[in-house]
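For reference, the chain that follows is the form predicted on its own, supplied as structure tokens.
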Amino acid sequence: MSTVKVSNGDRVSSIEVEDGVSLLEAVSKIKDMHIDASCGGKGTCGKCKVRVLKGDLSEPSKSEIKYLSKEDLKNGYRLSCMVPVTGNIDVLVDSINEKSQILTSHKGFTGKLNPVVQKKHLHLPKPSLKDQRSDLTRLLESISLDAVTVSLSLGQKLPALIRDTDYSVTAVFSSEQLLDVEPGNTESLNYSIAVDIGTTTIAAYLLNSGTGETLDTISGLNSQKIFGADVISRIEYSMQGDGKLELLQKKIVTQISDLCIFLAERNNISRENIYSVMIAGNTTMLHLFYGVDPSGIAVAPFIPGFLRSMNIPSSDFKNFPINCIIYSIPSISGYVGADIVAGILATGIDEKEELSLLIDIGTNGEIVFGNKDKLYCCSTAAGPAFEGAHISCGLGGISGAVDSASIDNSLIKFSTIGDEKAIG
């Protein structure tokens, strides 16, 4: 075992790793530490440059000689994916990748609400000699549910609960399960979190499930980004074995957990009142979130492990901080995912007479064309053009990236994100 000490701005972190792993993989194990590695650690993009301050290293590889100048190598700069850890190392990581600018604004949903988890306040009719229904049947019939599952713990607490509250309770339920019964009227305390897992970025929205109002938003770079800028790089990394798929899943589940906790605490909302987390994303991102092998998506005939919506208790995820249902939107194919399905539903183009064109530009780009009779969809890799993946002089939406340019009387003018010094 060797110790890797990483400095990143004012932050200093250390981690112990097995000898032989790459410096890139070692740094990736540190929470909230990002290195740009567009190629997924193959040594073909030249972007995972770090400065080694102390440690015995192997000789520079051919990739490092190709992508790093002699001055860089002399000053201790190396490609982290090409450096095996063979002893204690101190390394400096540029913090630039953490200063991202992510678009999260939206018009908001104005259609009919049908939340996955609903709450209904009930004044249950009291039993009598003429009404000898069981407590559970009495409650389920009051919310027009019958063939649903009920946990043992809920069945055990129900008799005392409804009598202690004089039969005034709030039922918490989905179409398939009676999730909880709460004392009194708690209908207004019904929250959910919607998460968009992009290949490069991730955004989470805190919603009032009863009104549909968006209460708060938070976003950040996808913590899996260090394993490749595109879905193919992530899939290839997951196929390397030795727990790589589990590492990718842990990265994104931990990040979503942190976002959920942050939203709840910033808005003074009890985690107990967050009943569902809704997930959208491209097909590969959903596979990695659930820890399902995505390798079939990468090769013809491009068959995913699943496309249907998933409805899973959070207890199936290790250490997920909220006791809720985790629900994901269905995908259409290996390269047309739940994110574009969400776009179709949000815009309502599947219900319109007139022809519409929906364009979703991200690391993966999708275009949908059609109306209520038929929709056509195609997808492509948009990351190289819009996010700097696999281009020597390109960047994502981070501070210092050029976001506008013009020529005025032969004078080139430009602006940058955050009005920072131009980089990239």
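Please read these numbers as outputs of a predicted model, since none were measured by experiment. Numbers for residues come from their place in the sequence shown, where the first is 1.
We do not show the form predicted together with a further copy of the same chain, though everything after this point is about it.
- Residue contact with a further copy of the same chain in the predicted complex: E353 places no heavy atom within 4.5 Å of it.
- Using a 4.5 angstroms threshold between heavy atoms, L307 counts as touching a further copy of the same chain in the predicted complex.
- The closest non-hydrogen atom of Y205 lies beyond 4.5 Å of a further copy of the same chain in the predicted complex.
- Contact annotation: F262 falls outside 4.5 Å of a further copy of the same chain in the predicted complex, judged by heavy atom distances.
- Among the residues H123, K112, K74, R163, the one placing a heavy atom within 4.5 Å of a further copy of the same chain in the predicted complex is R163.
- Residue-level contacts in the predicted complex: of P159, G210, G348, P84, one residue has a heavy atom within 4.5 Å of a further copy of the same chain, and it is P159.
- Comparing 127-135, 76-84, 180-188, 227-235 against a further copy of the same chain in the predicted complex, the single stretch with non-hydrogen atoms within 4.5 angstroms of it is 127-135.
- For the candidate spot formed by E272, Y275 and G365, no residue has a non-hydrogen atom within 4.5 angstroms of a further copy of the same chain in the predicted complex.
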